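Two forms of the same protein chain are encoded below as C-alpha cells; each is given separately, as structure 1 and structure 2.
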Structure 1
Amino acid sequence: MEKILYLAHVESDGTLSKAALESLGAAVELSKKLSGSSLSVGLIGSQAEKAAGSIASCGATSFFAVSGPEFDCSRYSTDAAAIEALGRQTQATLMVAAGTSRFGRAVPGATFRLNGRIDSRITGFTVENNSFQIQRWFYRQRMMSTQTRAQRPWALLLDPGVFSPWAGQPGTTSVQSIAVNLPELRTRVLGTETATTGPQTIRPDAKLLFVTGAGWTKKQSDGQPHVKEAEDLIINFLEKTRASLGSTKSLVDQTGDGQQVISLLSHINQVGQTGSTPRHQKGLSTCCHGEEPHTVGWRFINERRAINLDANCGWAQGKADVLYVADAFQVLKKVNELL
C-alpha cells in the first residue's frame, strides 16, 4: 500500500502556485488509481492553514504543515529540513511535488536523508495492475522512457505545464503543525530582485508563443534592414496579446557578433534544441525557416503556425499546421491594427 505525500511551498499571500496545483492534480489522480493508497498533504510556509483551506476538498486524509518565518523564503537548509520532517511524520512511500527551482534544490537532499530515491522532469505516469510507472523524456524530447523503482520513499518532481491543475471548492480542515530542529542558519534572505528591468516577455502561462527569427533583422524589399520598426511591431503585438516571446538561436547569437538586434531578446528567450521546450497552447513563428534544431522546441505546442516568404521552408514540410507565405512586417502591422 502506497502512502502518497503531496508537497508544496506556500506563496507569500497564502496561495498555491499554478505548478503546485498541477502537481496536486497529479497526486489526487494517482491516489485514485492506486488501490489501497492514502493521500496526505505537506505544506511549507507561514500561511499554511490558509493554503490548506483552499485545497480542503482534494480528498487528502490529513494535512501537515511546517510553519514559521524562516520557512517563507527559498533556502536549502530550511527547505530540506522541512521536507525531511514531513516525510518522516507521514512515513510516505511516494512524495509528489512540482519541479520548481526551490524544490529542485531541496527535495534531492531531503530524499537522501530519508534513504530514498528521486526522479525529476516527470511528464506522465501509468498504473497497470496496481503497479506505478513514470514517464520521462530524454535527448531533447526525442525519446520517452517508462520506468519504475522498488526503493521507497520515492520522490517525484513533476514538470510544470503537463498535468491539469486541481480545481475544487475551498473549505476548512485541521492542520497538524510539525516541529523542525533547524541547524544554525548561515544565510539570510534580504529580498528579491527581478532578473531584468525591461518589459516582461517570458510568460509561461500565456496561450500564445510568438517566436522571432533572424529574418526580422535582414535587409528587406527596399534593400535596408528595419530593426527598430521590427522591434516596435513586436512590442506592440506582445502588449496587445500578452503573448510570450521566443527566439531562434541564430537571432540571439547576433548580439555577440556585434550586429544590430532586437533589444528584447536574450538567450533566455531561445527556443529549440539548445533552448527551452515551451508548452503553450498555440505557437506563431515569424521569419524563421523551421529548421529541425528550432522546431524540436515546439514538440508540445498544440497548434503551430508560421509566417515566411519562402513557400519551401521547413515549416511547409509538415512542421506547421498553417503556413502563411507573406511578409511578416506587413502581416504584423495589419494584425496590430485589427487588435
Structure 2
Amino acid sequence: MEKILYLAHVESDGTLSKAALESLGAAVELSKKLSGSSLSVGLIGSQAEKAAGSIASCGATSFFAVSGPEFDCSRYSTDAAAIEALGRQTQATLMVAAGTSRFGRAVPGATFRLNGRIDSRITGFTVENNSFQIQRWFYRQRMMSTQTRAQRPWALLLDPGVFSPWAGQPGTTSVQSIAVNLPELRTRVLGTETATTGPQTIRPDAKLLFVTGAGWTKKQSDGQPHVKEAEDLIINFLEKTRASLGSTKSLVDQTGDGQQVISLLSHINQVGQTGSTPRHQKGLSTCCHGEEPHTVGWRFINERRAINLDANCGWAQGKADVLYVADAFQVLKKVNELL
C-alpha cells in the first residue's frame, strides 16, 4: 500500500510550472495503477492555496503546504526542511517530484533525512502486477535501465519534458498548513541573471534545437574560415525561428584553443556527453561530426535532420531522419531568406 506524496514548488503567481504539472500527471497515473495506493499533495510556497485549487480535481486525498516568505525562493536549507516536514507528515512511501533545479538540489538531502533513497532523471515507469519499475539513464544517456527498489521512502525525480502534464479542472480544496523548524538561514538568494552577455540562446520551451558543430569554424571550400559569416547566419536563424541553440563540445572547446570562435556560445550551450541532453520536438544539426558518444546530445529530440558535407556523418547515419549532404553555409543562408 504505497502512500504517494506529490511534491511541487509553487510559482510566485500561484501557478504550477509545466514540469510540476508533468510530474503530477505521472503521480496521478502511478496512483491509479498501483492498487491500494493513496495520493497526497505537498506544496511549497506562499501561494499554495491557489495552486492547490488549480489541481483540486487531481484525485489527491489530502493537500498539505509549507508556506511563508522563506519558502518563496529556491534555497537548499528551507526547501529541504519543507520537503522533510511534508514527508514526515504524510508518512509517504513514494515521493514524486519534478527534476527542476530547485528540487534537484533539495529533494536528495531531504530524502536522506527521512532515511529514504532516491532515484533521479527518471524518464518512464511501468506497473505490472502491482510491481513498480522505473526507467532511467546511466553513463550520460548511453544506456537505459529498468529497475526497482525495496527501500522506502523512495523519492523519484522525474526528468522534465517526458511525461504528459496533468490537465484537469480547478476547484476548491482545503490545504493543511505544515509548520517547519528552520535552521539558521545563512544563505540569501539575491536574484537571477543571464548566463551570457549575448542574446538569450537557450530556450528550453522552443520547438526546435539547432545544433552547431565544429565545421562552422573550419576552413570552407575557398580555404578560409568564415567565422563572422557563420555567426551572422546562426544569429539570424535563431532570431527567425526562436530555436534553442546547442553546440558540440569541440566547438565550445575552441575557446580554449585560441581559434576563432562563435562568440555567442558558452559551455552552457554544450550538448552531449559532457553537456546537456535537451528535449525538443525537432532538431537540426549542422556541421557536426562524430559517432557515439557525441550524438547523445540529441538523443531526446523527436524529429532530427542534419546538414553535413559528409554523407557518412555519425550525427546523421542511423541517427537522423533526413541527412542533407550540402554546404550548411549555403543552405542556412537560403533558409534565412525564406523564413
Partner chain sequence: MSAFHIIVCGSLVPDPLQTLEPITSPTGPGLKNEAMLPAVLDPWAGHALYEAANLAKNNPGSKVWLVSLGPKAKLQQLMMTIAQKVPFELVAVDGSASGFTDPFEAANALSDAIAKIPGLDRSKLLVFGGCASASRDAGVTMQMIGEKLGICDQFLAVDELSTPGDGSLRILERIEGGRYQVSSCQGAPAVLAWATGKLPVPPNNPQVGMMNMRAIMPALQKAVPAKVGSEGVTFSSVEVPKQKRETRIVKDMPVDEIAREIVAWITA
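Note that the structure is predicted; figures quoted are calculated from it, not measured. The first residue in the sequence of structure 1 is number 1, and each one after it adds one. In this text, rigid core is short for the largest set of C-alphas that superpose within 1.5 Å between two forms.
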Form predicted together with the partner chain: structure 2
For residue 35, is the CA shift between structures 1 and 2 at least 2 Å following rigid-core superposition? no
Spell out whether the Cα of residue 68 moves at least 2 Å between structures 1 and 2 when the two forms are superposed on their rigid core. no
Keeping the rigid core fixed, what distance in angstrom separates the two C-alpha positions of residue 310 between structures 1 and 2? 2.6
